[in-house]
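Quick heads-up: it's one chain on its own, the form predicted alone, in structure tokens.
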Amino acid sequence: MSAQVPVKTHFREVQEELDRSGRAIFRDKDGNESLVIRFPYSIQYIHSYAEDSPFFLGLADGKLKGSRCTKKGCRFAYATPRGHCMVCGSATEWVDLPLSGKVHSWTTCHFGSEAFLKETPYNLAMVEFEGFGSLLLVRLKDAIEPELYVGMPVEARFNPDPKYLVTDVWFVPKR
């Protein structure tokens, strides 16, 4: 004999039932029913940064690493590192980025993944650097939405206890 699973027609009710019992049936407007269960799981994930390793190791040393095309006629420079030039296809080399730049664009995030829930709302900015043709997406801290503007000077800050994640760097308004 199986336990009766509650049937709900609004997803908010399904969420409430999941909090209560861990299971519910969602019935849509056409009468189709879907079993929904709460099933938490955790995995250990092994990840290699491979060719991007210098970028993450640089963060731990308080450096931002970009890349520059090695072809003499091109030499396009990227704030977001890549192994090959997107202009001419030649190999690139690692270069240091400046630790300050300007806000090219920004947005305020009122929702975020679990890693950022405690920080919401938070700002993300596309930062441009002198001499580099691409932008770097980073968190922008110590600024509230009404203070932000395109062209605002910003500077990098680094996690003193690096985790070798992109969140080891963020930018703040340059004072």
Partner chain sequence: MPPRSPPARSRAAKRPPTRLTPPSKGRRVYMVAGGVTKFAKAHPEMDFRLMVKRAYDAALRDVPNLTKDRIDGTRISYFSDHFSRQLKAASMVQDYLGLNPKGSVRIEWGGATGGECFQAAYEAVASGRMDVCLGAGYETMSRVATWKGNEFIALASDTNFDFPLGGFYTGYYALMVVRHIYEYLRLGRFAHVKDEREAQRLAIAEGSRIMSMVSVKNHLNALHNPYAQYPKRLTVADVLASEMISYPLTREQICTMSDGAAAVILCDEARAKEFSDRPILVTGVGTGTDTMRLADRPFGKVPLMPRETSSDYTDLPYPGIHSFRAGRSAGLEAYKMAGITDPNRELDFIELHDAYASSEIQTYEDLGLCKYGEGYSFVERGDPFLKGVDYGFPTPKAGAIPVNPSGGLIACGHPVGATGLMQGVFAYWQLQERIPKHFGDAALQLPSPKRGAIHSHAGTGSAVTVSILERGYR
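Positions refer to the first chain, counted from 1. Owing to the predicted nature of the structure, the values given are computational and were not obtained by experimental measurement.
Another form, the form predicted together with its partner chain, is not on view; read the next lines as being about it.
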- Message: Given that its partner chain is not shown alongside this chain, does residue 86 nevertheless sit within 4.5 Å of it in the model of the complex, heavy atom to heavy atom?
- Response: yes
- Task: Answer yes if any heavy atom of residue 114 is within 4.5 Å of a heavy atom of its partner chain in the model of the complex; otherwise answer no.
- Result: yes
- Task: Could you confirm whether residue 146 comes within 4.5 Å of its partner chain in the model of the complex, counting heavy atoms only?
- Result: yes
- With the cut-off set at 4.5 Å between non-hydrogen atoms, does residue 104 touch its partner chain in the model of the complex? yes
- Which residues in 32-64 have a heavy atom within 4.5 Å of its partner chain in the model of the complex? 34, 39, 47, 49, 52, 55, 56
